[in-house]
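Presented as structure tokens, the chain that follows is alone, the form predicted on its own.
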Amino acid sequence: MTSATATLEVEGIEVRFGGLVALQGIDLAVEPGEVLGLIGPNGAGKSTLFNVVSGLLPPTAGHVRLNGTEVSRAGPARRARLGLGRTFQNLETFGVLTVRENVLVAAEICRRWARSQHAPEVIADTLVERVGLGHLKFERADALATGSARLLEVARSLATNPSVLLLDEPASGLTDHETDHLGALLRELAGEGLSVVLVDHNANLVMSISHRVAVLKAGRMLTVGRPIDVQADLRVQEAYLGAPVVMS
């Protein structure tokens, strides 16, 4: 599977832990400006796939490409330089730094490796406002509510100027208002060309903002398609509920 335009491609990805097959035969391509939802029951392999794509876990077989460059054996730092950003399900903020300082650190690092002429301070201030944390910019990260800390992680990831952004449960802990704001922001970013891969238990968020939805089950790709088609797929219903929904 190859695409001339895809920002992210995974081809034939397999992950084995001894005799346990965690992922098998995973093929996926994400286009510029696309929001791809990645869903599946607990244990389906979503986090494992994210770890393979971000370089935290080497695949047993298969390929990962970022903007056409093979990165299957590259480390996380190399992938970040090539345009991959990621947030984590477990919060990874710098607790003793302020909101602004957290984002500023990422912007400074990006300027060094990209030799950018953009002022890190301006980038940090812009992104803090954009994710809705302007009123908290001078608060320490370890004093934030969970929802605000997740928005901070999004801002910090954006400060590295990614072309592909992996988001792992970004809506966890967000209020309804914050979730709506996050959804609007992600669609806006996609409209600017950013590729977003979203894992979240908030099905309404995933289905409302994704252009396509990929469904994993037991380490295999069950289906990929438009949200409306995925929701109507009896195999998807069975994967989540144990049996297809019988419509009367």
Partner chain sequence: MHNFLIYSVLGLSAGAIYAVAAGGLVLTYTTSGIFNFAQGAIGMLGAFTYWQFTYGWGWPAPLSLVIVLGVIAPLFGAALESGILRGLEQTTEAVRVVVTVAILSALVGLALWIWPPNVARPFPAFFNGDKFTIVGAAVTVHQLISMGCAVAVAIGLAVLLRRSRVGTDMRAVVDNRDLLVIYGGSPDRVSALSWALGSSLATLSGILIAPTLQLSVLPLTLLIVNAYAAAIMGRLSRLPATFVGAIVLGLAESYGVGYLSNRGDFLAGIRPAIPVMILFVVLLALPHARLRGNVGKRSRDWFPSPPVRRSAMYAAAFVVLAFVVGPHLSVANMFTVNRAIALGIVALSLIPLVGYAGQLTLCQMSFAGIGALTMAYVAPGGSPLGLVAAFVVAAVVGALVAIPALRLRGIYLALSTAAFTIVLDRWIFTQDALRIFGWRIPLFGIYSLQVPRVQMPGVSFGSDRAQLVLLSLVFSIVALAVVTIRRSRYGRVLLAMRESPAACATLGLRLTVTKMSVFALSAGIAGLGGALYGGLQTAVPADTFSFFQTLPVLLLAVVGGIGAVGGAVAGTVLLGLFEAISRIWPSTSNLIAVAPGLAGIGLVRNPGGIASDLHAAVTQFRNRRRVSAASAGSAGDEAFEVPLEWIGIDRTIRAADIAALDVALGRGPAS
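Bear in mind that the values here come from a model prediction, so they are computed numbers and not experimental data. Residue numbers count along the first chain shown, from 1.
Form predicted in complex with its partner chain: not shown, discussed below.
Contact annotation: Val71 falls outside 4.5 Å of its partner chain in the predicted bound form, judged by heavy atom distances. Contact check for Val96: a non-hydrogen atom falls within 4.5 Å of its partner chain in the predicted bound form. In the predicted bound form, Leu56 approaches its partner chain with a heavy atom inside 4.5 Å. Taking the partner from elsewhere, Arg156 is found to have a heavy atom lying within 4.5 Å of its partner chain in the predicted bound form. Comment: its partner chain is not present in this chain, but in the predicted bound form one of Leu152, Leu167, Ala124, Leu84 has a heavy atom within 4.5 Å of it, namely Leu84. Heavy atoms closer than or equal to 4.5 Å to its partner chain in the predicted bound form belong, across 130 to 156, to the residues His135, Glu139, Arg140, Asp142, Ala143, Leu144, Arg156, ordered by sequence position.
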